[in-house]
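Here you get one chain, nothing else, as structure tokens; it is the form predicted alone.
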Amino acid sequence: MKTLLTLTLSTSCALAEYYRTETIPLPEGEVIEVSSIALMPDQKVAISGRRGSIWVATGCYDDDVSQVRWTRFAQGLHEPLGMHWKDGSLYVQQRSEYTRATDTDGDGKADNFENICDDWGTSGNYHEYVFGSTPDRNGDVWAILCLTGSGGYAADFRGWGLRITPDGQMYPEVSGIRSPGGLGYNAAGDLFYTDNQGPWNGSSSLKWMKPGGFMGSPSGNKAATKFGLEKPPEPKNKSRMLTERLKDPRIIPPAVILPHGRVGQSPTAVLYDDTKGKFGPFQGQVLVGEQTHSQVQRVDLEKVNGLYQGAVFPFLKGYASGVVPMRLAQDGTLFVGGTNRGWGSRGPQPFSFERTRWTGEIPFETETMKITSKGFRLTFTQPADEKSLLDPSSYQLKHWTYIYQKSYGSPEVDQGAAKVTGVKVLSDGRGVELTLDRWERGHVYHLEMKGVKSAKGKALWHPSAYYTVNEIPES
């Protein structure tokens, strides 16, 4: 067992001031490309490895994580990418089945494995990942199936989102998925997943899994014909998302586009902050993992005219490997699992397990970004300098969209610049309303706020935000 405590070195002094990340030692000599995390009673933490093992640890919450102790709970599973604890068992989403693993004799090792559901296909292609959720408010879990080879269909329900009831009944609820990296809920209990750039995805994004909705890729539509389901949309190649979804309201546009290269390029886990302020001043917002850039992004969602949209902000960085699963405990501990899996990641380690905690220091940061009929309303975590807020030159806004096409990805197209024509400081001094000269629905708006200062003269920790405009409120 490794006993050396290793701190993940931040590339930013400011990050260390606000959030502290520590490496949790993994079992010595084991290769555990962490693929899912489950929080258990008595402050135990379970992790699965992409290669098929499950380990349970004690001591992950302690001040001195060098004393963490591991027990192997199970092995021989098929690439588990989703796990949670319920009623004395670990529920595991494997590639080929949804499984309940139970330790019936109390020796710390699973000895009973029950196949709850396996009503989908697997061809053996390496890219046929299956990610699983924690239970929703009805007790059902969700599985999302990557396409074969990231763009094809060689097995049943590839490219679909499936709902699985506690008794193992499976219902195909969502179509049009391409290459997911994780899924989770927002504060309202609605389900979201991350989809990666590729065919029919101009850029990676966070998408709302609205039951009955179509997420964008028609490659998996073959399942509808085979199983007698309603035929999903067949979007026109080289169009725009706004154009196509106005033709067919079943097409659900990305809630928040994560511009490729600017905000990572391989999004993964989805979870929301329900710690009541124990993880900083962003309660209720959604955190999104990022594999290639070894980061965690922060998302502020809102629903406008029946569709989700919102802003993504850079947040945490410097993780030891590529971030894949995350779990946020009620005490404010964020557990982060990593692997580079051969794709590579900014974090240099092939795999890792870490925890991040808020130091208690509040950064000067954009807390929320909401759309209005005329522009944006911004709130900050601390009072801002009124002079800097009133200066229109403090804000630079550019916007663009993507080609909705069968080809891989898309450049940023239909580019433009928005002019700030009015500024109004909110009465508490912790926010501002911006009026813009015009809107472009279906576009990402990149807001730079390098001129904004706090009342104490500090610059914003992260001066950039990217807001996806699907709908514009009437007032």
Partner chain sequence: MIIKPFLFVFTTFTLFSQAAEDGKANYALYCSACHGANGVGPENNPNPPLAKSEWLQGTPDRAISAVMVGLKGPIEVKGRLYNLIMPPQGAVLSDEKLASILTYVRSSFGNKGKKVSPERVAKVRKQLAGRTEYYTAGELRQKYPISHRYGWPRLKNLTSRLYLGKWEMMPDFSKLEPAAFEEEPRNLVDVYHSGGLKKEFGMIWEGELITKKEGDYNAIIDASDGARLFINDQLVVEVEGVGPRGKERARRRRFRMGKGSNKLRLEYFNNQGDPGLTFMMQGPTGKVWLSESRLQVIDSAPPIPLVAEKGSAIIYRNFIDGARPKAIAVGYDGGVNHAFSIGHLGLDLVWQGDFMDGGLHWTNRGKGNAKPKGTDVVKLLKGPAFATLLDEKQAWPGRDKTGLKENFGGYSLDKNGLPSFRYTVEGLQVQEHASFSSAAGKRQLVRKITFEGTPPPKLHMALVNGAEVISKEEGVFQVDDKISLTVSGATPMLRTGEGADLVMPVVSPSSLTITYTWN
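The model shown is predicted, which means the values in this text are computed figures rather than measured ones. Numbering follows the first chain given and starts at 1.
We do not show the form predicted in complex with the partner chain, though everything after this point is about it.
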Candidate spot Ser410, Gln415 and Glu440, all three touching the partner chain in the predicted complex (heavy atom, 4.5 Å):
yes
Candidate from Phe351, Tyr404, Trp120, Phe380 lying within 4.5 Å of the partner chain in the predicted complex - any heavy atom
Trp120
Contact with the partner chain in the predicted complex, heavy atom within 4.5 Å, among Arg357, Lys86, Lys370, Arg346 goes to Arg346
Does Thr292 reach the partner chain in the predicted complex, with heavy atoms at most 4.5 Å apart?
yes
If you check in the predicted complex, is Tyr126 within 4.5 Å of the partner chain, heavy atoms only?
yes
Considering only heavy atoms, tell me if Arg51 and the partner chain come within 4.5 Å of each other in the predicted complex.
yes
Taking the partner chain as it sits in the predicted complex, is Gly306 near enough to touch it, meaning that at least one heavy atom pair lies within 4.5 angstroms?
no
Given the stretches 236-244, 208-216, 380-388, 323-331, which is the single one in contact with the partner chain in the predicted complex, using a heavy atom cutoff of 4.5 Å?
236-244
Can you name the residues of 461-475 that have a non-hydrogen atom within 4.5 angstroms of the partner chain in the predicted complex?
Ile472, Pro473, Glu474
